[in-house]
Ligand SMILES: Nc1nc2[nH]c(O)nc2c(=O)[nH]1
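Given as structure tokens, the chain that follows is alone and in the form predicted on its own.
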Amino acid sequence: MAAPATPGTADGAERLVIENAYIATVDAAGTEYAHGHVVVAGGRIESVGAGSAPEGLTGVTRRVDATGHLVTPGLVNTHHHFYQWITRGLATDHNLFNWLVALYPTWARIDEPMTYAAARGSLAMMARGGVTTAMDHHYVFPRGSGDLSGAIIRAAAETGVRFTLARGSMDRGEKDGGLPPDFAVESLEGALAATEETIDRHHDASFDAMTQIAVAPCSPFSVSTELMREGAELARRKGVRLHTHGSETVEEEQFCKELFGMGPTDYFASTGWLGEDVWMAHCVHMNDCDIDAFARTGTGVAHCPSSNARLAAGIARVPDLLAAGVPVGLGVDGTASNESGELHTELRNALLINRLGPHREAALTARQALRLGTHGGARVLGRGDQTGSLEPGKLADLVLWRMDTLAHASIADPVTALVLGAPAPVTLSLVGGRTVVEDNHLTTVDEDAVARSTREAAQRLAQIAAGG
């Protein structure tokens, strides 16, 4: 989609001007300015470049002296499970399948108030750490639990971030050989109908959309082949994207071969789940043929290094995926497998963990890691022409990171400082030109109130799961 002309730039338009910053645009050329400016007007980036802002700007409502700061595009999270915020710190020494078996009985008891509280906690943590575009893959819909999708979308709107809800589903319960309890799964017909209703109610296809919906059956081992096939047909009929888990563990590959007679990538191809409108979470265990299939079809990957390490899943072949031209972004994953819940950790761990693989020090650079967390993620979510880089006409989703504190002041390069250093304070975070974070605090929600509500929700869920 081509960007419409930047609105609101006639005389009298309100403008925000950022000057004296180190700017990493993350555009196609990787342009950076050691001393530059950004002008925001009408929710879009009006100009970005070296030196001071252009002379004679009218309607300037705020000027930010960003001396000592790095300006980047806002971070983009491509895979998460918000509800897990209220089950952090459990099953900490399990692999994926054992972890799922341990936690599904608890997750199957969530309801609308718990889901809303957990979404607020997940979103607040990410937004405070520089995320401007988030997503949630929610697939647990216990019977009688209320409007869970609506609760998640409401939490995102209140937090003020751009948001994709990947409306998940499961129809393979314990009686059918799946992992989740039977009362936590939907019927094939029910899952498809509820997903279509969510698209009709909430999906916004416009350039500056704040809420979009994707079709997202959970995984090959919790979903029937019929739901995969019909879910893909539904997504393409409605013009929305497709998302699921893929090739996360060796056990998953074995499961697919035993049940379907083929590996995960071939199974996805057989059900219509490869294409430019598809992105998969994890993709750890992929051979050269799998990578070629993703590259040939434009299928995207959400790389979740912290979760993959926490669950001992393995190291994804990110350097090989990138070399083949596969779109790759970063994901927090659910906070029951990544307790920090923020995306800076993934910038750092993507670089460090991939250097433990066969490419060693040549695996990723700091700038490649930043690209994964910004433009790479926007591309994976189908929004690369709208956000993910600082270019005129794009949405004004950007972050000012403070780099002159004790933690970062002596690190020679600002981008390296952001990626490899401690989490940098966020002086200002904008989403469509609107302030979401200022001086390292959220401006949209009360952080202390969110913390209290998530703690109470976690306690209530634990009591219910224990039969109390």
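All residue numbers refer to positions in the sequence shown, first residue = 1. Here the structure is a predicted model, which is why all the values come from computation and not from measurement.
Another form exists, predicted together with the named molecule; not displayed. Remarks below refer to it.
The stretch among 199 to 207, 346 to 354, 220 to 228, 363 to 371 whose residues place heavy atoms within 4.5 Å of the named molecule in the predicted bound form is 220 to 228. Only one of L96, L274, A316, A214 comes within 4.5 Å of the named molecule in the predicted bound form through a heavy atom, and that residue is L96.
Of the residues given (F163, W107, F141, Y116), W107 alone sits with a heavy atom within 4.5 Å of the named molecule in the predicted bound form. A residue is said to contact a partner when one of its heavy atoms sits within 4.5 Å of a partner heavy atom; D136 fails this definition for the named molecule in the predicted bound form, lying far away. Proximity of L242 to the named molecule in the predicted bound form: non-hydrogen atoms within 4.5 Å are absent; the residue sits far from the partner.
The named molecule is not shown here, and in the predicted bound form it never comes within 4.5 Å of any heavy atom of Q386. Although the partner is absent here, T72 sits far enough away that none of its heavy atoms falls within 4.5 Å of the named molecule in the predicted bound form. Although the named molecule is not shown here, in the predicted bound form the stretch 327 to 341 places heavy atoms of D333, S337 within 4.5 Å of it, in sequence order.
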